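As structure tokens, one chain now follows by itself in the form predicted on its own.
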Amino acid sequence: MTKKILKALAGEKQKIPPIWMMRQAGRYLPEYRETRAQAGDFLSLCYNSELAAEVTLQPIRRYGFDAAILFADILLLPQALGADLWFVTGEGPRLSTVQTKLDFANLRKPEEINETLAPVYETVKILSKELPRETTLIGFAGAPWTVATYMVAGRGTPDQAPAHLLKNDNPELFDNLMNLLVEGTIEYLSHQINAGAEVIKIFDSWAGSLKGNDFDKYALEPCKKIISALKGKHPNIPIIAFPRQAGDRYIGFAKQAGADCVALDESVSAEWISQNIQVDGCVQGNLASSHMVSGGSVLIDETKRVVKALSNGPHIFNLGHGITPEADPKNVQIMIDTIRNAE
């Protein structure tokens, strides 16, 4: 049996596209909130292999998605590299910053991350045994640019200005940080694959703030290096790239980076994706996550529109970004039923 997600990633067009959702294991589900309370806090949940596997499995049990994505966080890698990481309730992550040569010198080497990340690999091993046979297991990491923006600023920022400032004012330091993150990401993802991940996704959530040559240097090239190294070690592993809000730079990205699929956010239309991106192969996306909150006939109509627009080629149905905590779980079921029961 070839799994539906793997068929799409191999370039096969399917009448009913496979479905999963970014952040499908998360705060919109009451069972997730219960498990997180049991863990104590978010980081404890990430590093508790049994509980992290449990929250990964919850949306599969509830909805029967075609893929499960490992429950972890993109900032576990910088923590493994030696950054201090903590979460402020209601505000999100905080990190010790990398803004000087000394800050960078205090970071660990890529090969030193695995002891810290061992619980994540254990979660993957548990999932590879416990997931239904038809469900694909996706491992992931943040792309170097996106992870670097957090490491430089010490938190999420609306425009990634601290990272842009550092790359312009001290390009040598910033390039060293990016190279370290490329190597660390290769190490991290290779271990996920060894533990049982069947597909890898690289999230570049802030790629859209990079323009012109900067996009090539800090979004495309790092992704290309990571994919090339992973394909060298694991030739059969499919890889999904997500340079969020890349706009016209989505065109040709998968082919240039060596990815098997490109995920797209809702800032581009499904019709545009069909004409400009899907001609190169598999696409993933791109229903606006706001429909998981508002629901109603608009959710059904928009879901049908995305499916129809992308029905002429390989497509993995997903949201344009992560489902939000205020989403109604019933709307997720409506979306799935609309896709799977389509005439």
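Given the structure is predicted, the values throughout are model-derived calculations rather than measurements. One-based numbering along the sequence shown.
The protein also exists as the form predicted together with a small molecule; that form is not presented, and the subsequent description refers to it.
- Within 4.5 Å of the small molecule in the model of the complex, a heavy atom is found for none of G208, K217 and D248.
- Scanning G258, P119, P93, P162 against the small molecule in the model of the complex with a 4.5 Å heavy atom cut-off leaves one residue, P93.
- With the partner removed from view, the residue among E112, D73, E183, E130 that has a non-hydrogen atom within 4.5 Å of the small molecule in the model of the complex turns out to be D73.
- The partner is not drawn, yet in the model of the complex one stretch among 271 to 279, 284 to 292, 297 to 305, 25 to 33 has residues with heavy atoms inside 4.5 Å of the small molecule: 25 to 33.
- Residue contact with the small molecule in the model of the complex: F42 places a heavy atom within 4.5 Å of it.
- The closest heavy atom approach of I60 to the small molecule in the model of the complex falls outside 4.5 Å.
- Remark: A67 does not count among the residues lining the small molecule in the model of the complex, judged by a heavy atom distance of 4.5 Å or less.
- Looking at F104, you'd find every heavy atom of it more than 4.5 angstroms from the small molecule in the model of the complex.
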